[in-house]
Ligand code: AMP
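Before any questions on binding or motion, here is one chain by itself as structure tokens, the form predicted on its own.
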Amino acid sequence: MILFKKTDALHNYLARKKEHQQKIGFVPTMGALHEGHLSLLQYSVQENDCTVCSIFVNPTQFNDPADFKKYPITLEKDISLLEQHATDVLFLPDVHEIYPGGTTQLRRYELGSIENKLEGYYRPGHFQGVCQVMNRLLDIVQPTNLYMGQKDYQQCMVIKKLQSLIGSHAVLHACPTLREPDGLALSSRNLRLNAAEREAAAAISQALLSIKKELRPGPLQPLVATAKSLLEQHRFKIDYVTIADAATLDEVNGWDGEQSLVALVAAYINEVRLIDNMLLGNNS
């Protein structure tokens, strides 16, 4: 594995790969790698000639500075995992490499209504930060294929919108969420959970499964209410539990038996905020 810290050096290296018609797969991360990240890398290694992974904790997508400071850093372990999983290139830039002009006057993106729903509502400015870093990374790497996790369902939708705005031709692959045996979606934030919190956190996937299991044509509010009650029993502070159209994330209150749906959850267990989602009906 080759490690690059400088943008120009990485860009030049990848340009030579592309001159030989090699396909470039790209997995952007913020580090604290887990099996979910590694599954994305596995897809990339199988489908491309060169796999690039970036590790960059992006300050502009944290609307809470304390959350940014608490984000887990496990770089030595991350590098070892990348080497074990046949990653060709690690891009490890600092803030100046990503934002050479600073972070105060960055471009704003016209994302439409998707920016203000769910995660966008509860984390104002978050998706602008995601777009700022992804625009920069896509410009540097110019991948053939881009791999992201379905756990960040709304973020994948935002990246598709970003690609249309900037003319990126990378093929976005939203890969299935990996879970612990008890159902908890793998996340770097899980490292911040103590033993009691970790045990309770499984209630999120249980709430989603309860919606999926009981889904029938007709009103959906009772399913949402049951899921919320389950989370509240485990002392979660809920930002949202909702059933939405899988293509638009508009809330759906009644199901016709045909519409593709997704159930989404965001909730705090003490100071740790966790998100998850599950495809429903004909979309599952």
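Note that residue numbering begins at 1 and tracks the sequence as displayed. This one's a predicted model, so the numbers in the text were calculated from it and none came from an experiment.
Heads up, the form predicted together with this ligand isn't pictured, but that's what we're talking about next.
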Handout entry: Which of 37-45, 241-249, 255-263, 218-226 lines the interface with this ligand in the predicted complex (heavy atom within 4.5 Å)
Key = 37-45
Problem - in the predicted complex, the one of His85, Lys151, Lys161, Arg192 near this ligand [non-hydrogen atom within 4.5 angstroms] - result: Lys151
Problem - in the predicted complex, the one of Ser205, Gln155, Thr144, Thr74 near this ligand [non-hydrogen atom within 4.5 angstroms] - result: Gln155
Exercise for the section: May I ask you to check whether Leu230 falls inside a 4.5 Å heavy atom distance of this ligand in the predicted complex? Expected result: no
Handout entry: Residue contact check: Pro124 to this ligand in the predicted complex, 4.5 Å heavy atom
Key = no
Practice task
Although this ligand is absent from this view, report whether Thr177 comes within 4.5 Å of it in the predicted complex, heavy atoms only.
Solution key: yes
Practice task
Determine whether any heavy atom of Leu186 comes within 4.5 Å of a heavy atom of this ligand in the predicted complex, and answer yes or no.
Solution key: yes
Completion exercise
Residues in 12-34 that come within 4.5 Å of this ligand in the predicted complex by at least one heavy atom, in order, are Pro28, Thr29, Met30, Gly31, His34
